Every structure is written in C-alpha cells, then in structure tokens.
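Take a look at this single chain in structure tokens; it is the form predicted on its own.
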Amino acid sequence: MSYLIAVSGKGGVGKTTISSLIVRQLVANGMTPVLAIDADPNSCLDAALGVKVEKTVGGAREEVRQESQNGLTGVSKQEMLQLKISESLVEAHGFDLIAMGRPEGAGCYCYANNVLKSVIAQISGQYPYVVLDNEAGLENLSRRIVQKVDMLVLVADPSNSGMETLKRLYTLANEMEIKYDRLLLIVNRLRSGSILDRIDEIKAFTKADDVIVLEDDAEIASFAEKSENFLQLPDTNKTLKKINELILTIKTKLA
C-alpha cells in the first residue's frame, strides 16, 4: 500500500520546491522507491529534481490519437497508450517521475486526466511512497485522479491573503469531499513574524494536524534563480532540515 502525499496551493507559493524537497528526503531516509508525479501542465518538477522529462501523459495521448487516426498502429488504442505511458516514466536514483504535461492538440484535459488516473492506479502500488505535485488550486484532486490522500499538504505565502487562501482551500477540499487522513499546512517564505499570530486561528479553522512555518531562504532562492536542482542542496539547509523532520515523523508513525 502506497503512502500518498499531495501538495497543493495557489500558484507561486513554492509547491514544486516543497514537493522536490519531500522527494529528496524520502530518498535520503531510505524510503524508496518514490514515485514523483508532476500533475501540473506546466511541468517543472523534473528540473527541480535534476532529471529531464522527454515525454508526458498528455503528449502520449496526442501521439496515440494521431497514430490511430492515421491507421499507423496494429495494436489496440489502449495497448498503445499503455506502451507510450511506460516510455514516459523517468527513472532516477531512488525515485521515478511521471508528468502529466499539456495536450498538444485542442480540447480539454478530461481524457488526459483519466489516463493519468489509470496510470497512477496501475503503477503506484509498486512504490511505498508517492508525491503528487498539483497544479494551482485543487483541480487535480477534484477530478479524482487519486481516490484518497494519506497526507494533504496545503502551501501558502505568509500574508493575510495567503492565510485566507488556506481557509478557502480547506473549505473547497471538504466541499469536493476530498478524502485525506492528515492535513498539513505550510506557510512558506516567512520574512517577519507579523503573520504568526494567525497561525493558531488558521490551524483551528482547518483542523490541521500540524503547521510548518518555513522562513525565507536565500539559499533556495539562489538555487531556483540559477536553475540548479534541489538534490544538490546541502544537508545543512534550514528549510531542508524542517522537511526532513516531517519525513522522519511519517517514517516513525509507519514503522
């Protein structure tokens, strides 16, 4: 049975950075293999993890559609799709990565989402830990690409609007009947203590199991600006240490 961690929040709050650090520390603590899922159409989790996605679920869907229309395949559409999906899986040390990507043709993401849902159901059982980096909001979760989340991580910036966003995301998650066992709130890039007096209020409103406050991190900002992957971040990094504490908590509870 896989332990699934889903990271969500509005755009620009650091979801992908946090997702990559979670993957890194799962691997560092021997909790492998890890399946990292980039469910954001603007795929960038691969760069954060120091790998490169050549093919995506959305791209595979478009290839199969085109080949089927041109009569270029001698196997069923589903078999061809499964083959191309398997080719899109990026293998790395301690983790594998699959990306949803963006469909190349016109139309909605409905089919691509269904394909991703099927892929996750088929392959996630091979991994003890799965980290899902969502697009902004709760879109992927609301489309039920996963049926249940062990830990839902909601990320926000340290502003009053960020705190209100956490409330809205919590309310939305419950309205959508998203199932999760634990709720973790992360307030990212704190520069002053002015927002700390709202932490207890937000925790009480959301009934969160825990809240992690991450201070503004110049080292991580520098890595991001230089497009350096976070696997190279030194173990002494203050943000990484807090993420590692989270991973050790999970490891202890599941031991």
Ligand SMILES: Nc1ncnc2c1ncn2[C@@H]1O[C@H](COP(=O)(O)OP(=O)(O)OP(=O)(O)O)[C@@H](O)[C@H]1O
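Heads up: residue numbers just count along the shown sequence, starting at 1. None of the values given here were measured: they were computed from a predicted structure.
Separately, the form predicted together with the ligand exists; it is not shown, and the next lines address it.
At a distance threshold of 4.5 angstroms between non-hydrogen atoms, residue 189 is in contact with the ligand in the model of the complex. Shown alone here, residue 216 lies within 4.5 Å of the ligand in the model of the complex, counting heavy atoms only. The ligand in the model of the complex is approached by residue 16, whose closest heavy atom lies within 4.5 angstroms of it. With a 4.5 Å cutoff on heavy atoms, residue 242 does not count as touching the ligand in the model of the complex; it lies far away.
Remark: of stretches 181-189, 162-170, 119-127, 79-87, the one touching the ligand in the model of the complex is 181-189 (heavy atom within 4.5 Å). Put simply, of 49, 60, 220, 35 only one has a heavy atom within 4.5 Å of the ligand in the model of the complex, and it is 220.
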